[in-house]
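One chain is shown next in structure tokens, namely the form predicted alone.
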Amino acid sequence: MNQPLIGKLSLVTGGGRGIGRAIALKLASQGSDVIVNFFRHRDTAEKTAKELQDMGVKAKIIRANVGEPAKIDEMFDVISNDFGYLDILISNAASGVGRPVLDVDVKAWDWTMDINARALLLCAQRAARLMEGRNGKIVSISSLGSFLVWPTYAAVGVSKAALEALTRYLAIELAPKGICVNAIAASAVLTDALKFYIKGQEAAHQQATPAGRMVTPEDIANVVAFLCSEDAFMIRGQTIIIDGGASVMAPFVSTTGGVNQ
């Protein structure tokens, strides 16, 4: 089996379940040892770590709320002390408050921005020190909400736009250190997190994309693995869209004046 990531160490924030779990498993399948960051769900993080170990790689779980700078520092102190290096950072952990834009208060705004955007900044700053001379890779997980408007998604959408802008800045500033930085923006993936935003709209969101189905966590994990490979060396500061073609479809205007997707 081709395992191009043997000898590499990856950190996946929010790696215990959903998209993060799929990414962790994919990186492990290519030989990488994996640190699974979690905050609330220790049981799922431990289960994921066991799956990784069963694949023949080393796995460690670290509890940390990436919305808190002190916890990020504690997490990286553990990585530095236990390993002394890091090759791959996947900034996947996300949260947010689902409200119309006029109802977003300061607490909801700060919570969402801290976890979805500031965490990438702080994690990347610490990760870069551990990636010196190792051709490191950083991939952040965004969403189409960074440029498309969805109901109750204002705070999250803006935080994802900030995440993508930060990805571009990191890509240029870290390139001289040999670190590649990119992002992935996906359309709706039916995870527990998505269900929070689409209550009562599940059927509509499960409609097939032009590719014939919804995006899966594994679709995202496959592209993450590519961006973490040397084959993607010349891709820097980009946001790769995974949506089965949905975002390039023009809205259909009916003869009655209505607009349908």
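A quick note: this is a predicted structure, and the numbers were derived from the prediction, not measured. Numbers follow the displayed sequence, beginning with 1.
What comes next is about the form predicted together with a small molecule, which is not displayed.
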For the three residues I19, F38 and S143, verify that every one has a non-hydrogen atom within 4.5 Å of the small molecule in the predicted complex; reply yes or no.
yes
Candidate from V189, A127, V158, C180 lying within 4.5 Å of the small molecule in the predicted complex - any heavy atom
V189
Position in contact with the small molecule when the complex is considered in the predicted complex, options M131, I79, A154, I115, heavy atoms within 4.5 Å:
I115
Contact flag, A93 vs the small molecule in the predicted complex, heavy atom cut 4.5 Å:
yes
Heavy atom to heavy atom, is A64 within 4.5 Å of the small molecule in the predicted complex?
yes
Stretch in contact, per heavy atom within 4.5 angstroms of the small molecule in the predicted complex, of 64 to 72, 51 to 59, 226 to 234, 27 to 35
64 to 72
